[in-house]
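Included below are structure tokens for two forms of one protein chain, each presented in isolation as structure 1 and structure 2.
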Structure 1
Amino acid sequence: MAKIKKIVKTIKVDADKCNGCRGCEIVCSAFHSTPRYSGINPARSRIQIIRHPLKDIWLPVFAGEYTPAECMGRETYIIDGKEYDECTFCRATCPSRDIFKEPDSGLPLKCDMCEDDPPREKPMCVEWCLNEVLTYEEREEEVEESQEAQDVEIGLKAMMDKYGPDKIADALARMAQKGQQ
């Protein structure tokens, strides 16, 4: 398979600067509401703040890829005397937890970097972060040529196995309706 150059978009997190204002959660949920900016529901946000307010620990975590299986890692980390398990900092949407799932349908959420038409200069959470906790970066990487159609089929099959065809059809109908508005 041939190598191609691809632009990789990332958001770096400087957790030491985060004060837990949750502005990123609010603006993300507003951007992804239907119609756009019509409501705020942080449960729909593609970024969640993991917090321990008494120890002043605030960590923004972005929704990552959906995985149909639970991982085997159950390690525990101690930060400032407080125990956290690996799931706390994981970005994946998986069957073992409710974070990063659409509250109404239960379908997985994933950070899409606020893709829009016309394209945004940077994601909303980065743009509205008052303490510069979030930094947007683009870099060019050489990667194997992807087979996007095959990736879509694998993702749809995993979601069909998990949620069933009725929920998938309902979600697609809502998305199609949203696209027509």
Structure 2
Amino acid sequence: MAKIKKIVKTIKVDADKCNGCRGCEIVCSAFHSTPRYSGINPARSRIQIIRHPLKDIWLPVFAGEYTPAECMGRETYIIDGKEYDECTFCRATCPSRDIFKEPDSGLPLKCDMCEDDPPREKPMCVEWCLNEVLTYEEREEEVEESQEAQDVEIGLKAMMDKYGPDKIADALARMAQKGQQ
């Protein structure tokens, strides 16, 4: 298979520095609203701060892939004496919990690293976190060519899981017809 160059975008999270301000949630949702910055809603943010103040847990977690079914098993972690709830470190949009989903439609959200044209110097959450919790890094890697699941596809897959392929096909056909009129 052909090798291609790929930019790997990384956000380093120094969770110990997080003061729990949720600024990252606010700006992520603002950036992804349409028109841009027209609306704020942390429930739509692709970064969520998992908070258990008295347990000293403030943990930024980024939305990853959509999964139609929850895991077969669960883990809990104890790190530095702090016990984290099940699923804390998981990035998935999963039926077992309500984070990383659009509040009205339930459609999955995924961190897209704030892709933009022209590209941003840093993702929004990194830029707006003034506590140096989030640091952005890019590096080049050679990888095998593979089709990356695009946002549309992820969304479609979630809809199919919810409504079944027939309904989606019907809806697409109807929309196409409307488009022709």
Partner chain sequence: MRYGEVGYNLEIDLATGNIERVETDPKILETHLGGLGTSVKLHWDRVPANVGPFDDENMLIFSSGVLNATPAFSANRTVVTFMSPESGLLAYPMMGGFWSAELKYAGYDKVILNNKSPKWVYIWINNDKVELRDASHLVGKGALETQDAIRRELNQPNAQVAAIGPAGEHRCFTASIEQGRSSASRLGGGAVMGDKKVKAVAVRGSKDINLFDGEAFMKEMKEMMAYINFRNTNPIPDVMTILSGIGSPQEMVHTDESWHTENFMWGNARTRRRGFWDEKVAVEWPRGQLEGIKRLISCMNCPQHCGALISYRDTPRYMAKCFGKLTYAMAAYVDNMDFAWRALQRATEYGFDSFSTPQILAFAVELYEAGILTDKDFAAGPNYPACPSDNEGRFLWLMDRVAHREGIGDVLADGVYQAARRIGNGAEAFDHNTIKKHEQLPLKLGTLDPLYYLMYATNEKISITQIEGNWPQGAFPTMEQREKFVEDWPQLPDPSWKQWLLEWEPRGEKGIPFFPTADICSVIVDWMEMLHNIDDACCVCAGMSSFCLKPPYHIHNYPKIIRAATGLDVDEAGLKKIVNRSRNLHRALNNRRGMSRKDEKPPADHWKRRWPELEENLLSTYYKFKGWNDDGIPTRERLHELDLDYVADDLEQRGILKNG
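Computed from a prediction, not measured in an experiment: that's the story for all the values here. Along the sequence of structure 1, residues get numbers from 1 upward. Under this definition, the rigid core comprises the largest set of C-alpha atoms superposing within 1.5 Å between the forms.
- Of the two forms shown, the form predicted alone is structure 1.
- D14 is not among the residues whose C-alpha shifts by 2 Å or more between the two structures once the rigid core is aligned; its shift stays under 2 Å.
- Taking 2 Å as the criterion, K82 counts as shifted between the two structures: its C-alpha moves by at least this amount when the rigid core is aligned.
- Relative displacement of the K162 Cα between the two structures on rigid core alignment is 3.0 Å.
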